[in-house]
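Next up: just one chain, as structure tokens, the form predicted alone.
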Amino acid sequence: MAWANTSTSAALRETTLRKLQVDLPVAVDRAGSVPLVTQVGDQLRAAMRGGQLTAGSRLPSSRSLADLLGVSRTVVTEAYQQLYAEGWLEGKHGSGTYVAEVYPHVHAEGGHRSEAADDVHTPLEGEDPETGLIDLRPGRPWVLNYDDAAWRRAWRAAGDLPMSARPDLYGDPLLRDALAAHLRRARAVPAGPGDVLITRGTGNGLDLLAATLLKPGDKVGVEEPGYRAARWIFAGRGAEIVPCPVDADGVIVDDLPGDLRMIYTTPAHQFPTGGRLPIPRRERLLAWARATGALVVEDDYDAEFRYDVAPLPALYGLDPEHVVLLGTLSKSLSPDVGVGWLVANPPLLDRVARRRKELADRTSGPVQRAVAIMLDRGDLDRHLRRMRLEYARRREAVVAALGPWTKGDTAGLHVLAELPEHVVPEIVAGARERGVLVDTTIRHHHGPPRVHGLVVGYGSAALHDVRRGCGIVRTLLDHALQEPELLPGAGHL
């Protein structure tokens, strides 16, 4: 819509804008310090979170909203894209942009459940079943609110398909096709079904790679601190583990040795520091791999869950010849599903498949079919959108409680609170005494610890337990860190 420079047109525009703000409470302040894209995105997000915009509500086109707000279309488009990435919006082919489905804590009529409902405590919600403690350790997702009706439908449909006497070493063709489409859509990964091998999860994928490519004594780089299970798997296949230091952005590429056979990295959300590997450093990492002949093993474990940031391209998409991409449904659906994927160039995939046959390794066929059906019907995408909103609420609670101590909160299901080394045991013990379990960075190192602090997970605890547990941790932090030299910002990353 083009607004003519007349009083009539101006009045019409003002009337239309007032009506829009009733239905869609958005306004921009050109004189403010907050970027216009952020203003539009924040107000739309607040309207959806507060119930003014409910699931299924249609939003105006980017052009219409831009005209009515008097901003460029790029401003609205970028705000919409960010909300798409976070799971707040969904597109319906040929009909526009809509507010995505949300969990039952936001009612269809726009009202939230009462706080009292959030505070109802059950023994399974976020507590360790043996100790009764609030578990704020990383690594476990929330599994109580998955769409069990969709899962049962998928299982029934999978049961109608014939059983296979000779399971495909690469995985069920239906699932490989569905996962390739999912990765192209969700991660912009240029993969077809011929590039995908179905695994039982990330650990299984790492072991298959190690069994296929490594000889005793081969050097394998693992981020330091980093995922300790990867170290164990590689060491179990006879590899020499080479710790590769990280900083606030992820692995430090300039310090990588030139004699590594492969390097394992978590660029989407470094574990446990939470860094996101920037594009220039991704390019340097790939240039290093091409120069040395090393293979980059990319664990995309937290890529589905991002907050307030747009996704960065997967390393595999930038260089499929030198990168293997690993993924799993253990965080997005449940560890019990036991389905993951390994994406690589076909010649390497063929080698892995042959080694897999020698190891008599396979992934459950019926489970693969059920997951393929969920992907094909869109059930898994809908579940991911709901979980992004659910985890976003918990992440907000963690950041609100721990404030300036949090790092790495833009993605994933955990944050880092970097602290002086001597206070960490005191805080862990104090939290345990008050009913809260937290992890530390120490056990995630291969050599002497170089990063000290707490790794706070919010995946498996209910929202009210996250608030309560983090409140206890913050009280302990405030008590332990009273000296000026120990204030936030004095860490090592």
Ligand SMILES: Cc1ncc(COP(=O)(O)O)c(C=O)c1O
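One rule holds for the numbers: they count along the sequence shown, beginning at 1. Note that the structure is a prediction, hence the values are computed from the model and not measured.
Another form, the form predicted in complex with the named molecule, is not on view; read the next lines as being about it.
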| remark: Per contact check vs the named molecule in the model of the complex (non-hydrogen atom within 4.5 angstroms), the hit among 385 to 393, 245 to 253, 328 to 336, 177 to 185 is 328 to 336
| said: Counting only non-hydrogen atoms and a 4.5 Å threshold, tell me whether 203, 266 and 301 all contact the named molecule in the model of the complex. | reply: yes
| remark: Exactly one of 139, 317, 365, 274 comes within 4.5 Å of the named molecule in the model of the complex through a heavy atom, and that residue is 139
| note | Among 288, 227, 151, 88, just one has a heavy atom within 4.5 Å of the named molecule in the model of the complex, namely 227
